[in-house]
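As structure tokens, one chain now follows by itself in the form predicted alone.
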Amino acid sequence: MRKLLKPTLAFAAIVASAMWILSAPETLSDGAEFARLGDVEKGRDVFYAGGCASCHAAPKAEGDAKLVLTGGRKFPSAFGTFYAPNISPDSKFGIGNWTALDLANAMVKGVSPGGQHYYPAFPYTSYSRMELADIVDLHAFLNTLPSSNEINREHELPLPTRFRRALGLWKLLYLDNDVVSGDFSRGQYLVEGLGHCAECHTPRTILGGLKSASWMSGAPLSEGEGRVPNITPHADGLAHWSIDDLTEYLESGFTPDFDSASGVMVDVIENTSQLSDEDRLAIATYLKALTPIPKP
């Protein structure tokens, strides 16, 4: 037994060291993309396409109050309960001291300015497909919004999930910027990247990663009973919707069955209604071109 103990401990040390190295946060280099001033008007479009206010505005905020990104919204999950942070331009309680590079590292790499992994309740697995220029513009727009001195609420997590370093290994499995559709179009960019639609409409593995084989086919509703619908052009999903139907829904919230958006989709429609007609058409065209998949 003693003869086996030393090599066993040595092997365990090697494995632990390798896992520590592999789980290290990876960040972007400061390049020319971050040297320019962001375009506020373009940043506004990115803001609405990305649905920032839907998660980061105060719960039940309405109208202009949704532009105060005070945080606090609750996100229950199988891994614990997460709370959206304050991302207003307050220098103490928000992200007012962040550079455009800091914001890019958060959105593309899931890493905080302090070098910690973010939990994927923040959908950086989709934002990783974003263009850095869009993040620079978003940073400029966020700095024009009202400040909030609301203190961030701590996540409520069981002990195993509090160890953030392990997220580095999770990212090796699930964080990449490969497109799913294989067609790098404007619609693909808006749906797979900025709009992060798959984060709700795609089922997840036991580890919380997206099941790409069931892309957009619907998933359990994380915030209560029910399901997020299938939005592939399958009979279970959008087969009977035309591109015009989808485009109208993204602007007005009205379905071809004379119904209207409800639940969390009300927030989504508030965002997509702010987009251009061309962008709504691009989203609709992408969705209708997806592989039809039955709901799980």
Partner chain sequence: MKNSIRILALAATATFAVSANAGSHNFVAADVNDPVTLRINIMQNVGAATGLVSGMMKGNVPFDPIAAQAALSTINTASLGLSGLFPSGMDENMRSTAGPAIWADADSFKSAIAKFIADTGAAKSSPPATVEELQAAFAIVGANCQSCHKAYRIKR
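Positions refer to the first chain, counted from 1. Computed from a predicted model, the values in this text were never measured in an experiment.
Although not depicted, the form predicted in complex with the partner chain is the subject of the following passage.
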4.5 Å heavy atom contact, residue 40 and the partner chain in the model of the complex: no
So in the model of the complex, is the partner chain close enough to residue 158 to count as touching (4.5 Å, heavy atoms)? no
Would residue 44 count as touching the partner chain in the model of the complex under a 4.5 Å heavy atom rule? no
Answer with yes or no whether residue 252 is in contact with the partner chain in the model of the complex, where contact means some heavy atom within 4.5 Å. yes
Go through 28, 261, 67, 243 and name the one with a heavy atom inside 4.5 Å of the partner chain in the model of the complex. 261
